[in-house]
Structures are given as structure tokens and as C-alpha cells.
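Encoded as C-alpha cells, the following chain is the form predicted alone, with no partner shown.
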Amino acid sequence: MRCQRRRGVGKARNWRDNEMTSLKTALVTGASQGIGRAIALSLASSGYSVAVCARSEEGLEKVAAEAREAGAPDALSITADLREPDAPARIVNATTDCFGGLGVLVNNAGATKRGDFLKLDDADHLDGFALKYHATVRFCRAAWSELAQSEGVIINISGVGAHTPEAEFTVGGPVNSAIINFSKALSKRPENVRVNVVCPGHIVTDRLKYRLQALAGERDLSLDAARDVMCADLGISDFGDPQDIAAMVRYLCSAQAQYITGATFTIDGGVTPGI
């Protein structure tokens, strides 16, 4: 963990002056790679000081350096296992000590195990909820007083499995659904904190690459052919990029989105069949 420097921050003016409505300080979890990294760098390029946390110290230090290069006035990296009950409070405290406040919390951390339901045991289900759902709840609780003071923003990253159950996704689907339900409930609190959810679809990250490699091996295909097959099966023309998710998060943190709370945004290229 390293705080390069501490700067004073103050709440900006009303949105009608085209200013941000919260402190330009952000905490992004699961930010060492993929979607979390893209979100952190996008906010950094908008002038946010960013704190990034994950289990990979080397990856985090690199992202923190990239955030400074992208325009972040300050950057902080914090290595932690978010399954530990006290980790979220420690990370929030370190962030506010470094930056002097908190305006945005992005809960992105957590991956859940795919596979045959009959081969997934209690530990797989409990781990999925511990890392993604319970960590999200704990971060929201730990950061709430700071966000209420700054009239800040929470963005919880869920996933399209929340809307479309799959036989191979009996851990992740329920976890993602629980995050949406929790976020909607939290948005109804009287404090002026906006809480929204972003549900990514099939985004090009290491996790999707592993799935493509597995498909290629199962069907004796090249990776390019496996990509075409998966896209055709899903009914989409291509996969998304982490920047597609980062752009939505950046918008939801902006003054232009100040009337949006308790909402869920699906960014999936049209893969979700329902309405």
C-alpha cells in the first residue's frame, strides 16, 4: 500500500455548472486487471484520485502508476483478500486517510466458479458469495458515512447472469441477482448517495479467454473459430471491451447522471433475451 501524496479536496458545485456532484476521489475494487483496471484508468483520466485494491500487489502497483500517467492527481494501491471480513473497512479507512474523503465507490471484485451444478460443492457457493456479494455489502457499509457526506456514488458491478440463468452458472447467477436486489434496497435510503448497478456481458478479459480456450479444446477449434462459434451461439456480433463498461461507470459518476439511482444498466451487446 502506498499513498504518493495527500491533497485537500472539496465538494464541487451543482450539476448545472457542469461540475461533478461528488468528491473526485474513487475507490475501485478488483482493479489489478480487466474491467476494474479500465474503470480505474477511465476515472483517473477524468481527474479522479483513485485507490485500487485486489490480491495482486504487482498488478496493482502497475495500475496505480498508469492511473498517475492518465491524469490522476493521486493514486493508492492496497493489496488485500476481500473475503476477509475486516478488509473492506481497512481499505476504506486507508483511502480516506490518503485522500481526505471519498466520492465514488466501485465494487468490481469477485469471480464465481462455473461448472456442473452437481460438481459444485458448498465451498464453491460460499466462496462466490464471500468474495463478490459479502465484500460488496461490507464496502458499502464501511464507506457509507463518507459517501453520505460527499453526496457520492456507488457503482456495483453485477453481470448478465443475474437476468438469464444458465445451467453452468448456478453460483454466479444467484450472486449477481443478490447484488442487484441489495443495490436497489440501498438506493432507497434517505441519504443522498446514488447507488446503481452495471451488468457486463461477455467482455474480453482473461476469464473470457479461458472460456474460449476451453471451447477450442473441446471442439478442436482454433481460438478465432471458437470466438466465432461462441458469438454465434450467443447471438451477438462480437465481444465487448472493458472500456465499454468503464464508459458507463464514468457516466454514472458524472453530474449528467445525478438523477439516476436504483437503476441497473446491462452492457452486453444485446445478448440478454428478456426485457
Ligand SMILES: NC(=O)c1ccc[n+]([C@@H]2O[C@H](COP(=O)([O-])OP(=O)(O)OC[C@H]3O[C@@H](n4cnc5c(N)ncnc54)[C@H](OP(=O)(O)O)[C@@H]3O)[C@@H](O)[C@H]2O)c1
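Just so it is clear, the model here is predicted, and its values are computed rather than measured. Heads up: residue numbers just count along the shown sequence, starting at 1.
From this point on, the text means the form predicted together with the named molecule, which you will not see here.
Taking the partner from the other structure, the named molecule in the predicted bound form has no heavy atom within 4.5 Å of any heavy atom of Val137.
For Ala94, no non-hydrogen atom is located within 4.5 Å of the named molecule in the predicted bound form, even though that partner is not displayed. Residue contact check for Ser56: one or more of its heavy atoms lie within 4.5 Å of the named molecule in the predicted bound form.
For Ser45, no non-hydrogen atom is located within 4.5 Å of the named molecule in the predicted bound form, even though that partner is not displayed.
Shown alone, this chain has one stretch from 152-160, 116-124, 96-104, 180-188 that lies within 4.5 Å of the named molecule in the predicted bound form by heavy atoms: 152-160. Interface residue among Leu82, Val195, Val171, Ala143, judged by heavy atoms within 4.5 Å of the named molecule in the predicted bound form: Leu82.
Shown here without the named molecule, the chain has Pro200, Gly201, His202, Ile203, Thr205, Asp206, Arg207 in 186-218 lying with a heavy atom within 4.5 Å of that partner in the predicted bound form.
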